[in-house]
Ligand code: HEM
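Next up: a single chain in structure tokens, the form predicted on its own.
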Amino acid sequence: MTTIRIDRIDDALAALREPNLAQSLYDEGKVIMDKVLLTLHGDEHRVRRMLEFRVFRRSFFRYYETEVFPRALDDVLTPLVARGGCDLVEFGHRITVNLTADFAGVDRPLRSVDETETLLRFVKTFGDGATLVHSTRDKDVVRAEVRAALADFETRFLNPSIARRMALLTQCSQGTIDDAALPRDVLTVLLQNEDKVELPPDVLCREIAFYLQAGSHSTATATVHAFHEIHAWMQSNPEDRSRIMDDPLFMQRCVHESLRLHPASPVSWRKPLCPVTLRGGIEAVPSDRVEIDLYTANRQVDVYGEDAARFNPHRSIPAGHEPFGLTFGTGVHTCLGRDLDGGVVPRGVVDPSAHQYGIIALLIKALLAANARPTSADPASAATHTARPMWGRYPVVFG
């Protein structure tokens, strides 16, 4: 097998949009990623994506950002501030897991601490399975853990969630309730359209588990990176502190800059389905691997400037490029949760009171308002269970 590496942004954009290149980064993690939306290709992917996209509307994201999320944030952050500190890695997962469960369609009837802890355990295990290609642990051990967690998740959460939605769908078909009374989540959409997609029980379980872990894990990871970069920037550029705190559009710009520097996955792999001519005339055949280096492309000097490898929220973004680079992907595999995490990119004149900023910006704003800061007494450390560049622990103190 020949590995064809692509590390320039225009070449990467073309490769990500090439219909004859299929997703292959998650082949190692089939234990949870087999036949989920992210790994599908062609018509099967198009049909399922169109169905699930009904949940991911900007109007609904805006509702979550302004109505649901602030209450969830207060419930988690207030006791941590009173306690005097927390680990941002754990905080990020804890604040996002229930939000992600709402979108996926995972009911939590008790809304208890134990329920949340169980979901967090599942998210960690599912995340280890999804990123198995980068794991530093024994891969067979990880697979066994994922299978056990999937079985437990199906019994404790998924089956009751399916039963409740099927009862509601029956009532809707009988006319005793209308569509507005149905939950707005991925599971409901899939159950409502069983005749349009092929979803055996095991595939449905993996699909919902995938949404649960992908949303929570990636958002939590991005939040810690953003806090680290923004706090460091304020330390070295104190003149920007008030603007970061008081100008939400600038705060969002800071988050986008961090997202550019820290894509959730540093690379994306593609497998040619037939002989393909890549941009620049490179020929790729089915036995090849096309490795798209998002990390390097996002730091391309002749696009983002001589300081492209450093955090600088004041940088000028050239026309035709996103401030967060290729971090959310592009083409048919663009991340469905992009606007939820990063908000809508401001274009032209923006009304700050009606703009959608994304929940990462809201998280960072709340942390800084509580005067969260790293502590030299308990320094942050990188994750050791994966080769992906991410924080394993990031203790902060408040006040």
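When you see a residue number, it is the position in the sequence shown, counting from 1. Here the structure is a predicted model, which is why all the values come from computation and not from measurement.
The same protein also exists as the form predicted in complex with protoporphyrin IX containing FE (HEM); that form is not shown, yet it is the one meant from here on.
Listed stretches are 174-182, 258-266, 314-322, 225-233; the contact stretch with protoporphyrin IX containing FE (HEM) in the predicted bound form is 258-266, by a heavy atom cutoff of 4.5 Å. The contact residue chosen from Phe153, Tyr304, Phe103, Phe126 relative to protoporphyrin IX containing FE (HEM) in the predicted bound form is Phe103, the criterion being a non-hydrogen atom within 4.5 angstroms. Note on the partner interface in the predicted bound form: the residue among Pro272, Gly85, Gly329, Pro248 having a heavy atom within 4.5 angstroms of protoporphyrin IX containing FE (HEM) is Gly329. At a distance threshold of 4.5 angstroms between non-hydrogen atoms, Thr219 is in contact with protoporphyrin IX containing FE (HEM) in the predicted bound form. Under a 4.5 angstroms non-hydrogen atom cutoff, protoporphyrin IX containing FE (HEM) in the predicted bound form lacks Phe157 among its neighbouring residues. Using a 4.5 Å cutoff between non-hydrogen atoms, Gly337 counts as a contact of protoporphyrin IX containing FE (HEM) in the predicted bound form. Protoporphyrin IX containing FE (HEM) in the predicted bound form is approached by Ile360, whose closest heavy atom lies within 4.5 angstroms of it. Residues of 58-78 include none with a non-hydrogen atom no more than 4.5 angstroms from protoporphyrin IX containing FE (HEM) in the predicted bound form.
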